[in-house]
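This document opens with one chain alone, in structure tokens, the form predicted on its own.
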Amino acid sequence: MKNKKADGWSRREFLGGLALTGAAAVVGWRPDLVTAAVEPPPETTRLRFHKGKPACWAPIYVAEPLLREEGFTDVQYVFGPQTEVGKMFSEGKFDLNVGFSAKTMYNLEHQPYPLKFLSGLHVGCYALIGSARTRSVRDLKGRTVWAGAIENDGPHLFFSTIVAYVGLDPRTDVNYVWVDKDEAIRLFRDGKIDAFMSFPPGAHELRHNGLGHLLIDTNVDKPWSQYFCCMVAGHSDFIRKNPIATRRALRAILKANDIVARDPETAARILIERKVIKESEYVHILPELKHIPYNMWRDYNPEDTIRFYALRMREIGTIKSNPQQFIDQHADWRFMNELKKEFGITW
């Protein structure tokens, strides 16, 4: 991998920290809208994220030098099992987090913790891969699928909303195997599974090995491509105590979204530099960074995502709250609203 220039800036320059005006030029922002330099400094210089999926969450790692430009001198990425995120959030181990919107909503319904949605991050991510015996989602009735290793985890919730959308009942019309990913790939290869719910870089790995074909690509297929997969959220106490820091952090993350979209090669190299992925994983991560539409975050209102998934999940009985209850209790759009002019957003 070459340390090449990309649109007039190098990996070394980026990793060394971009000036705010330089970052604005990279993503095409007008300098007169860059207001961070005249804002008060953040109330805290420490910022902690949950360290998670490298492709889906690439912007939080790419954002690190931008966060430092915003005044954060101590940026931490704290590891925790996906099943423990809610508990760790409750214990105050994270300040901000990005995650699958429907899974976060499920957690908030079943094990409430102090979290507020702040904005969308990107659409897409998940892909439903079918065997030669399945040509459409409706063909999955009575068949066996892998939708993650744990019931009501992210892949299972996404799969459930997909099959329910075409009139199937995910609780009774489909058979599941609850095994780990490697075992599921073996079963899929052996013809014992008819569909595989994949998240990055799984879809690319399967196609690279000549396994299956796309039934649903949520990066491009409607309605899934019109709603956020991953969203940015924050600990309620952190937001309340640190409103300036919250706004500055959100600005940096969304700028990083644009940078990943514009130069996925550099983003992939940053993930290697940060030891988020191994160099051997570059070949699988890069196609996902190119495919996920990070640059679509301006196009959709995050509130619509909560409404969409709340309705879908109520239909299949995984939550009871209605969309407005979720929005009232677990969303805080004031920072996004303050940044809309700066981002040139009109929704």
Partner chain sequence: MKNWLPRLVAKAPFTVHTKLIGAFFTIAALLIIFGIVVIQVLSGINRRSEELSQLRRKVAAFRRLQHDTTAQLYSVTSALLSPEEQTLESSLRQLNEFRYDLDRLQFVTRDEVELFNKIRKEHEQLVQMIIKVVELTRGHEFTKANELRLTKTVPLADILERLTNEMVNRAEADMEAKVDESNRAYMTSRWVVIGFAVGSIGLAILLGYAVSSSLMGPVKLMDNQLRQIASGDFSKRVEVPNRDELGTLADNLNRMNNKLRDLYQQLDAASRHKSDFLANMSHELRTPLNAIIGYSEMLMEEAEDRDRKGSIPDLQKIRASGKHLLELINAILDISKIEAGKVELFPEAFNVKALIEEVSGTVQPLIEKNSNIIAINCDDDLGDMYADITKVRQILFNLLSNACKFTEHGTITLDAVHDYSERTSRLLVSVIDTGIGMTEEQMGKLFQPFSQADIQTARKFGGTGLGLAITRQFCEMMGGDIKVRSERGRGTAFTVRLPMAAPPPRADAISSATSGDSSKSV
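Residue numbers count along the first chain shown, from 1. Everything numeric in this text was worked out from a predicted model, so none of it was measured.
What comes next is about the form predicted in complex with its partner chain, which does not appear here.
For a residue to qualify, one of its non-hydrogen atoms must sit within 4.5 Å of its partner chain in the model of the complex; none of Tyr61, Glu84 and Arg269 qualifies.
Ile316 falls outside the set of residues with a heavy atom inside 4.5 Å of its partner chain in the model of the complex.
Residue contact with its partner chain in the model of the complex: Gln226 places a heavy atom within 4.5 Å of it. Although the partner is absent here, Asp304 lies within 4.5 Å of its partner chain in the model of the complex, judged by heavy atoms. Asn295 falls outside the set of residues with a heavy atom inside 4.5 Å of its partner chain in the model of the complex.
The chain is drawn here without its partner chain; in the model of the complex, the stretch among 276-284, 40-48, 296-304, 63-71 whose residues come within 4.5 Å of it by any heavy atom is 296-304.
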